[in-house]
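One chain follows as structure tokens, the form predicted alone.
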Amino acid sequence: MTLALETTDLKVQLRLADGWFTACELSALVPGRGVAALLPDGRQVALFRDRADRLYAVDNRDPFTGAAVLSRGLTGTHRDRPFVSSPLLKQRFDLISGECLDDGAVRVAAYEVRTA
């Protein structure tokens, strides 16, 4: 049996300072896995879709190591807060606020996400 990718015209958009930016097609996001996208200013964003079809976006750069790896991290929840854990040092980042759940003084940028 061959599985076909979901086909949709829906685009995932992020709110940036100057308006909405189309990052990718919704079908590119597999629930439970991250995808990296390049922003117009050269930064990377990590996009996530959970199993309830909620979308999240945070900076892809791990502030503890400087590596662009958060899109490859594991997702989960802690006290009903969705997070991604860095694949390097395992710090967890809240996918809504960007706050590091393991060090409240550290955070990554979080973006408002919509489909259009």
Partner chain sequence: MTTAPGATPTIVLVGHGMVGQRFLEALAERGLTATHRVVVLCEEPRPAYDRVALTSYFSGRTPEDLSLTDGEFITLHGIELCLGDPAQTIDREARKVTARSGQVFEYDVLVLATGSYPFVPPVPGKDAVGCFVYRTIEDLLAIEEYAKTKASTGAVVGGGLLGLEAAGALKGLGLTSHIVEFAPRLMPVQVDEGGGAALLRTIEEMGLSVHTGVGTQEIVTDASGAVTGMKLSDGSELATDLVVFSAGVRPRDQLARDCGLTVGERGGITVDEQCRTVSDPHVFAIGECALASDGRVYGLVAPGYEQAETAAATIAADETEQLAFTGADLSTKLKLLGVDVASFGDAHGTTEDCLDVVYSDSRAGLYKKLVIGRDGTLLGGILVGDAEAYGTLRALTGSVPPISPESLVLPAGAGSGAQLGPSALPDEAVICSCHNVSKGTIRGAVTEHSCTTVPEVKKCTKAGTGCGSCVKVLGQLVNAELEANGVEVDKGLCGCFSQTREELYEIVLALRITSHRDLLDRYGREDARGGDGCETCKPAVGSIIASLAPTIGASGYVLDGEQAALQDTNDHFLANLQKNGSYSVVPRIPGGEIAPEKLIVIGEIARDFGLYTKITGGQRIDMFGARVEQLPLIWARLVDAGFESGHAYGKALRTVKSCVGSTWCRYGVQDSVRMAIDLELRYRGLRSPHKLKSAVSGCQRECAEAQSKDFGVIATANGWNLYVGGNGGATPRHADLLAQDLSDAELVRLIDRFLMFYIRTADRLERTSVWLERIPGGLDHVRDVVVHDSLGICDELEQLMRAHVAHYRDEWAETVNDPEKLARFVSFVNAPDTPDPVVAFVPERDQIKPDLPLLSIGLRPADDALEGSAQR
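Keep in mind that what you see is a predicted model, and the values were worked out from it rather than measured. Positions refer to the first chain, counted from 1.
FYI, the form predicted in complex with its partner chain isn't displayed, but the following is about it.
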task = Please run the contact check for A105 against its partner chain in the predicted complex: heavy atoms, 4.5 angstroms, yes or no?
result = no
Interface membership of L101, its partner chain in the predicted complex, 4.5 Å heavy atom rule = no
query = Using a 4.5 Å cut-off on heavy atoms, which residues of 31 to 45 contact its partner chain in the predicted complex?
reply = P31, G32, R33, V35, A36, A37, L38, G42, R43, Q44
